[in-house]
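In structure tokens, the next block holds one chain alone, the form predicted alone.
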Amino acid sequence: MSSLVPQGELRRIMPAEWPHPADFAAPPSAAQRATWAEADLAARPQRLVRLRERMAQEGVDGYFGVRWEHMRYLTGLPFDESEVTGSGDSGKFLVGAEQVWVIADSRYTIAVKHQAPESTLFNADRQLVDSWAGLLATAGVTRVAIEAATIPHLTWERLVAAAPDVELVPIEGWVEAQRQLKEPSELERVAAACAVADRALATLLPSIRPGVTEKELALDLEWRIRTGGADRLAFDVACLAGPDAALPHGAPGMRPLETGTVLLFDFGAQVEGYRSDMTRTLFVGEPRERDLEVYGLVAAAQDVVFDRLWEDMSAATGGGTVPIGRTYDALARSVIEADGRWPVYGHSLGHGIGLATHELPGLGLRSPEEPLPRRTVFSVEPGIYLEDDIGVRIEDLVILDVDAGRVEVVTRFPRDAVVVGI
């Protein structure tokens, strides 16, 4: 199946045709949330089996994890970026041959018992370096893989000194590679987060008018996301008006909306740990013809990727290989470059999403030269940015499931030219 619909001729969506909140799926029920929790509980043993198989292949008998998304994925303890800053060494974990130890101080011991019941609590009232030798001795490990990219060099040296008989092996990407192949319940949560975000933007449209500032609209949209079914934001809302829209990662300021300009929103919701990410560029008042042409070219670059994804999925279902992510980036770039009027975007075409907003797989010039996973979700977000003038980006999330014959855009808010402020 596929729910990719060719954009065709660009339509203007005026207020009478605006999407209605009821057009999008309702927030997940308590029963659905409970089902997802059960799915995670059932999946964690197999996730650990795959990690231990990699450990055996690499000749290590321990895996020390420090990234919060890996900890949630493997143990169930639901940290995220907002918690990590003040958590000290709590939330780090050690995977051994048969057990998983979760490090936690007194603030998190109850949470570990309730939310990571298959793991063993290792008390961390002291600093990690002071507990390190005891942890390794308890686990009985002698060669430990460590997520080295997120360990400060000074901490690494102190860990080596604290247990000189244990070899530390710097590694990167083991769990990331595993997480990019999504389980069905993970895809369901990403889609649910997309629906929350879609609905929030639809309810915001009547409030968008000349004179309202970027910050006011960003706060309004955040409130609608949080009260519309999200557990929290996936990331801070970007709301950028007029020339500010040319900043790919700008922050909302006090710029008021003006008639005849564009308004770019980049935002996402989080539902049971999983995230959405979408960008919509709206038109405040009657669009300028040039701005519509820029928008139409960005939409065309996105369309050619959608068309190619469907073709490649069909070929892969018949036994072919899914192309590497950078293939699609090059395809989208070629549309804008062939037109020749405006510069092509400088960022990647897309990124994977799940427990983290940016994760594997990558769809960019520097992405790994390996095929996309057969069941995954990623963004497709071409853009054109003209300094001090205009920025246009359209971002959608796509689920690719080769074995199910599925290529589906799960951000449902219209991709046509939505006109507001009239």
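Don't overthink the numbering: it's just position in the shown sequence, from 1. All figures in this text were calculated on a predicted structure; none of them were measured in a lab.
Here the subject shifts to the form predicted in complex with another copy of the chain, a form of this protein not shown in this document.
Asks: Taking another copy of the chain as it sits in the predicted bound form, is Arg341 near enough to touch it, meaning that at least one heavy atom pair lies within 4.5 angstroms?
Replies: Although another copy of the chain is absent here, Arg341 would stay clear of it in the predicted bound form, with no heavy atoms inside 4.5 Å.
Asks: Does another copy of the chain come within 4.5 Å of any heavy atom of Ile151 in the predicted bound form?
Replies: Looking in the predicted bound form, residue contacts with another copy of the chain include Ile151, since a heavy atom lies within 4.5 Å.
Asks: Please tell me whether any heavy atom belonging to Ala137 falls inside 4.5 Å of a heavy atom of another copy of the chain, as the geometry stands in the predicted bound form.
Replies: No.
Asks: Is Glu118 a contact residue for another copy of the chain in the predicted bound form, using a 4.5 Å heavy atom cut-off?
Replies: Contact check for Glu118: no, nothing within 4.5 Å of another copy of the chain in the predicted bound form.
Asks: Report the stretch among 151 to 159, 313 to 321, 178 to 186, 326 to 334 that approaches another copy of the chain in the predicted bound form to within 4.5 Å, counting heavy atoms only.
Replies: Result of the contact check: 151 to 159.
Asks: Of these, Gln99, Thr259, Thr142, Ser82, which has a heavy atom no more than 4.5 Å from another copy of the chain in the predicted bound form?
Replies: That would be Ser82.
Asks: Arg290, Arg209, Arg107, Arg308: which sits within 4.5 Å of another copy of the chain in the predicted bound form by any heavy atom?
Replies: Checking each option against another copy of the chain in the predicted bound form, the one that comes within 4.5 Å is Arg107.
Asks: Considering only 122 to 141, what residues come within 4.5 Å of another copy of the chain in the predicted bound form, judged by heavy atoms?
Replies: Those in contact are Asp125, Arg126.
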